[in-house]
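Shown here is one chain on its own, the form predicted alone, set out as structure tokens.
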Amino acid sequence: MDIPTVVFYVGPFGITSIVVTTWGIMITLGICCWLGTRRLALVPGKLQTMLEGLVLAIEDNINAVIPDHTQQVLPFIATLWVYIVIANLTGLIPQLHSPTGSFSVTAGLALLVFLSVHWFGIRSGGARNYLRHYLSPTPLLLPFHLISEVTRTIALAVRLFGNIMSLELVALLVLLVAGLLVPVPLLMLHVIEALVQAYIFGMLALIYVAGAMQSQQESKKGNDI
């Protein structure tokens, strides 16, 4: 896998090809969302039916984990899933690399999940009740709770980065050795792995968010008893 090159500079900051690709994905998704929702109808067309099916599928997955707060976390989790799927599949386009094959991108996504977990937990019932669960069942466990928060965030970033980077590296090595004799199975492997890794990242984020909201509720119930 090639090292991202600097495309242009903004003052002293170099904008790499990974950043440009990421911006391109975000702009494309924004345009697609606008085109797909500007003419919603009671009798949906093919595009609206496809979009509704996608949203319902994501909603069902969220509802299976955290049924009481499905609509609250749906925009965040759905955005994560859609973005990561597209980012993972970008590596199939010639001359482009998956942004998720860069650790800076996956670290940013993991940091976003880290902040969102606490935001949803605090929003669910207040900062005081949420922070109290770190002292449960005993304040002696506070350091372990904090270490767990940091390590799972790092693991989230490393897992996605490692899998996508290794997938692109294996694809490059196979093409160098076998030429174009095995393109279709290789492409299918890339597509499947891209979907699986996006699903795993989104599900882990959902589980972390659900855990924060549920722990906050349990802490609140303990205070009421």
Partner chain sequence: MNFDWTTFVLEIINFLILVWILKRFLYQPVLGVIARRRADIDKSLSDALQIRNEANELKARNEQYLIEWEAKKEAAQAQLNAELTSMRESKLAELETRINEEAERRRVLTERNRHEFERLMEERGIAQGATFTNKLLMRLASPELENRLYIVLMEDLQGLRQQDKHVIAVAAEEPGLQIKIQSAFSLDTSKRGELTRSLNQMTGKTLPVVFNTNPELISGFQIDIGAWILHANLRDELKSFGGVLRHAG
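Positions refer to the first chain, counted from 1. Keep in mind it's a predicted model, so treat the numbers as computed, not measured.
Only in words, not in the display: the form predicted in complex with its partner chain, which the text now covers.
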Exercise for the section: State yes or no: in the predicted complex, is some non-hydrogen atom of T79 no more than 4.5 angstroms from a non-hydrogen atom of its partner chain? Expected result: yes
Exercise for the section: Tell me, yes or no, whether A107 is in contact with its partner chain in the predicted complex, where a contact means a heavy atom of each within 4.5 Å. Expected result: yes
Exercise for the section: Give a yes/no on whether T16 approaches its partner chain to within 4.5 Å in the predicted complex, heavy atoms considered. Expected result: yes
Handout entry: 4.5 Å heavy atom contact, E193 and its partner chain in the predicted complex
Key = no
Problem - Contact residue in the predicted complex, from L173, M188, A64, A41 (heavy atom within 4.5 Å of its partner chain) - result: A41
Practice task
Spot the stretch among 88 to 96, 141 to 149, 108 to 116, 124 to 132 with residues whose non-hydrogen atoms come within 4.5 Å of its partner chain in the predicted complex.
Solution key: 108 to 116
Problem - Interface residues of 37 to 68 toward its partner chain, as seen in the predicted complex [heavy atoms, 4.5 Å] - result: T37, L40, A41, L42, P44, Q48, L51, E52, V55, L56, E59
